[in-house]
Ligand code: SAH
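Given as structure tokens, the chain that follows is alone and in the form predicted on its own.
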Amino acid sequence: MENKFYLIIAKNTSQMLKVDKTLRENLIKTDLVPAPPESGTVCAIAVKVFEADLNRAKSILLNSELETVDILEDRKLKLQGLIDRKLGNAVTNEFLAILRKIEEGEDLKKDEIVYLLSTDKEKEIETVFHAADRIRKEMVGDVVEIRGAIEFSNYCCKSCKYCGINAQNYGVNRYRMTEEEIMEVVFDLYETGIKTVILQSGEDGTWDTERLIELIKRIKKATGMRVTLSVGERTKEEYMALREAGANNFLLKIETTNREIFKNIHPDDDYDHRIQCSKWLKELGYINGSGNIIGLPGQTAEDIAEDILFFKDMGINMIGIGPFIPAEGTPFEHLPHGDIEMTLRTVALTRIVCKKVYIPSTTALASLDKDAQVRALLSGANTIMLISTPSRYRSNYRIYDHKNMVDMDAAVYAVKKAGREMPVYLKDR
């Protein structure tokens, strides 16, 4: 008999964590997962429980006086009309079997994801993109979320071989923005109506947790904006302190779930510790971000399929997928860039497998071809990140070469060309 699951929606993140903790203390197995569209909140978190535990969970929550908003069945998303007689001999029987599973909302297995990543049949590829776009529309709608990123420091203590700001790249002009410089950009973003600011940097010890806490509190007090952090690996206690200060989202990309590739590209990082950091972020109630790089040395379709399943199993909310682009002064500077087509197909398969998640149409895609960013929106992506770093610094945040400094005009171009909608919260659309 197939297991059924239910999703408990709490009033806010604090209540959600209390619900999760209370149920686990009473020996009810839970998981924190992206909330469904019916919850009314995009990119929120729900507590997932087995149907067999639902009545006991309700009783426990009632007795503990914890406030919940709703309890919803975790239904499969069923899509009709993907299988068309016109497909005929243009597709294989194996593809049709996988497509039936997508229509019925069934989970795909690794070998099925690998097939869809690897097929060279034009009609099959076209149908995968169509299915991903259908799921995107059903799960997150037609509005493209616009967020502003401030790359506030390019100092980094790590030696990642693919990254242009790694500690060993002595050709980089280093900078650190001051708190006042950051707040100036924050106010500019706030005035445009943008709701989320992304604070991104290398792993810079000068911008320690105490200093970040003060910055987060100041942003919250002055603007009420949501804050996304992308500042690398920290201790659980530091993640907790940043969360309590008001940080909402955290982006810590796995880059690859292949241990050998991870070890090669991250000579001074530990794979298991990176996974542990993602688990801590999830436990602490962050909207949890991860992602991978397509085209790393030695990477296969099997590796990418494992990445996608990792995103699903970890309950990742935001998934950034971009092609590898070499950076001058790194060990990988002479390698070819990642394949745009495989990157777009990974975006599509991630949407099909993970359903209700934020997937950016990444700056890396726009750096290879601005219309690749449009194509990503047509392949399941639903977010664009503006590069809001001040002009005097932005060329020095060179994590890869020939970076496209995506601004509002570029975002409008991509959204309109993809036939999508700009968010209503922007004051000048």
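Note that this is a predicted model, so its numbers are computed, not measured. Don't overthink the numbering: it's just position in the shown sequence, from 1.
Beyond the structure shown, there is the form predicted together with the named molecule, which is absent from this document and is the topic of what follows.
Examine residue 202 and determine whether its closest non-hydrogen atom to the named molecule in the predicted bound form is within 4.5 angstroms.
Yes.
In the predicted bound form, does residue 323 come within 4.5 Å of the named molecule, counting heavy atoms only?
Yes, contact at 4.5 Å.
Indicate whether residue 399 is a 4.5 Å heavy atom neighbour of the named molecule in the predicted bound form.
Although the named molecule is absent here, residue 399 would touch it in the predicted bound form, with heavy atoms inside 4.5 Å.
Report yes if any heavy atom of residue 286 sits within 4.5 Å of a heavy atom of the named molecule in the predicted bound form; otherwise report no.
It does not: once the named molecule is placed as it appears in the predicted bound form, residue 286 has no heavy atom within 4.5 Å of it.
By the heavy atom within 4.5 Å rule, which residue out of 177, 265, 116, 252 makes contact with the named molecule in the predicted bound form?
It is 252.
Name the residue from 134, 243, 274, 220 that puts a heavy atom within 4.5 Å of the named molecule in the predicted bound form.
The residue in contact is 274.
Among 92-100, 70-78, 118-126, 223-231, mark the stretch whose residues have heavy atoms within 4.5 Å of the named molecule in the predicted bound form.
Of the stretches listed, the one contacting the partner is 223-231.
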